[in-house]
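The chain that follows stands alone, in the form predicted on its own, written as structure tokens.
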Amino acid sequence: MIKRGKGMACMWYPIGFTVAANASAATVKVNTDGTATVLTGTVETGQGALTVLGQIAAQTLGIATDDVHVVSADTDSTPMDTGAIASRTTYVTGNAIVLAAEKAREILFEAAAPLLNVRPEQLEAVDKKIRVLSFPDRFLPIDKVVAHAENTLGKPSIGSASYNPPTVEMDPETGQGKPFNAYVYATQIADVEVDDETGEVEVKKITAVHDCGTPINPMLVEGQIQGGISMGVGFALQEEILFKDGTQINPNLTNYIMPTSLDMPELEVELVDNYDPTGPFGAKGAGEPTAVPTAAAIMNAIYDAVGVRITNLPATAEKVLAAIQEKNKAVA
């Protein structure tokens, strides 16, 4: 008989560790055609980091994201970055890019201020213009300002900066301290069907609600959450490294089973816009936390459906059926 159950799991996850130095550096250069180049040592691993970092630079400089070229390379040609670890890229590297872009923008404000007969602090960068605050009709195109700064004043608009979350060492005796600078939160709900005659589990739907600060690119965040859920489904039901006599016997994708698109349930993703004042434009991050609650939610749903707890993952049909049979024996 097919039995249906629902399960929920909640999680919190740290962003940007502070127990040790965790720095990112960046260089931002505004070009005479109004575009910008960003140099960063961070790594794009498919999470959309370079798109988001380009958006952060564009917002700070008041230009379009398409006008920002992000150069991601090793430290022969880019500033250092601690790495695409600890779900830190948007938060830490993003803050470094904001600081670097602000320095480049300050040079443009200093160049434009005499031409507009105002002080630099009375200017803003928006819509590819350097314009007077509260007076949108008084402006100069940003490419003209860059050219003036370079060719007349001899000040290319280049900014370099680094960001390191405040380092707080742990107390060696108590272990207390502040190991991370920000946290993200999420709740996921799984809807499953379990065949109590075979132990087979099918995940029908997962609803995921995540707080990652202010999402800079909601579509990318949603994609990350969907990807994290796919990893969580595999962790919960399929993926297992098998050994015999110390040798892995399923070292390739023909016998190491992981979810495909056909195994994925219906997904419903919602984002909680929770501005974090320490992050770039209020952002924290998504990354690893997206996979954290999935398996727990599925296990709770299995329990709701057939009344057995699976604590040794993955919850294969054999394990679920054995647990059901054991429960039935105990009842009998």
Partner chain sequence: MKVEITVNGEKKIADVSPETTLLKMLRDEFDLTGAKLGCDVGDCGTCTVVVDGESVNSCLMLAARASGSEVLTIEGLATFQKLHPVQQKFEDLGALQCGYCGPGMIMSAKNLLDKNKSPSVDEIRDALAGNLCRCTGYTKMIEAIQEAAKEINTTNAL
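This one's a predicted model, so the numbers in the text were calculated from it and none came from an experiment. Residue numbers count along the first chain shown, from 1.
One more form of this protein exists, namely the form predicted together with the partner chain; it is left out here, but the text below deals with it.
For the options 75, 261, 117, 176, the one in contact with the partner chain in the model of the complex, meaning a heavy atom within 4.5 Å, is 261. Here the chain stands by itself, but in the model of the complex one stretch of 76 to 84, 252 to 260, 147 to 155, 130 to 138, 252 to 260, has heavy atoms within 4.5 Å of the partner chain. In the model of the complex, residue 159 stays away from the partner chain, with no heavy atom inside 4.5 Å. At a distance threshold of 4.5 angstroms between non-hydrogen atoms, residue 198 is out of contact with the partner chain in the model of the complex.
None of the heavy atoms of residue 272 is located within 4.5 Å of the partner chain in the model of the complex. Although the partner is absent here, residue 66 sits far enough away that none of its heavy atoms falls within 4.5 Å of the partner chain in the model of the complex.
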